[in-house]
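Below you'll find only one chain, the form predicted on its own, shown as structure tokens.
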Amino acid sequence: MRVRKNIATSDEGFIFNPTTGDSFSANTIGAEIINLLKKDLALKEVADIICDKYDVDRSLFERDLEDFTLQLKDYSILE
């Protein structure tokens, strides 16, 4: 999954899509996920990093990550 090239993001979780004019806010983890996806990491790599860093249940996080990426696709943040 890739974040579209024209999407502007901040470390604080502000997301702006200049194509649509829409802006969104993500929490700290959401912002971290988006920044990892901007580095063209695979979802498995994102899950590895977040689960190791925050000691969260992997299966629960993978479901949440799937939901989050579906939302990002719906809002045209991901290609």
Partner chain sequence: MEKQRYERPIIVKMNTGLMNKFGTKSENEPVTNIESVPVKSLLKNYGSPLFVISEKQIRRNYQNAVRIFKTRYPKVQFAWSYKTNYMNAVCRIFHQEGSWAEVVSGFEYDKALYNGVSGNKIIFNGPDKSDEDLIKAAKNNSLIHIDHYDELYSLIRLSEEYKLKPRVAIRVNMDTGIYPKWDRFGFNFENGQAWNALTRIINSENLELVGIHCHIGTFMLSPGAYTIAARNLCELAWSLKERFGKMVQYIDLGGGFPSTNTLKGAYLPGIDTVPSLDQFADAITDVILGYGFRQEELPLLILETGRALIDDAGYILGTVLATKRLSDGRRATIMDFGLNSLFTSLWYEHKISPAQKLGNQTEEMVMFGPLCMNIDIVRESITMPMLQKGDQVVVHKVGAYNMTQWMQFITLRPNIVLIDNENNTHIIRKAENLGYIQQLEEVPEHLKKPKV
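The structure presented is a predicted model; accordingly, all values stated were derived computationally and were not measured. Numbering follows the first chain given and starts at 1.
Note that the form predicted in complex with its partner chain isn't included here; everything after this is about it.
is_contact(D52, its partner chain) in the model of the complex, heavy atom dist at most 4.5 Å:
Taking the distances in the model of the complex, the answer for D52 is yes, it comes within 4.5 Å of its partner chain.
4.5 Å heavy atom contact, S25 and its partner chain in the model of the complex
Because a heavy atom of S25 falls inside 4.5 Å of its partner chain in the model of the complex, the answer is yes.
Does any part of I34 reach within 4.5 Å of its partner chain in the model of the complex? Heavy atoms only, please.
Close contact exists here: in the model of the complex, I34 approaches its partner chain to within 4.5 Å, heavy atoms only.
Does D67 make contact with its partner chain in the model of the complex, using a 4.5 Å heavy atom cut-off?
Yes, contact at 4.5 Å.
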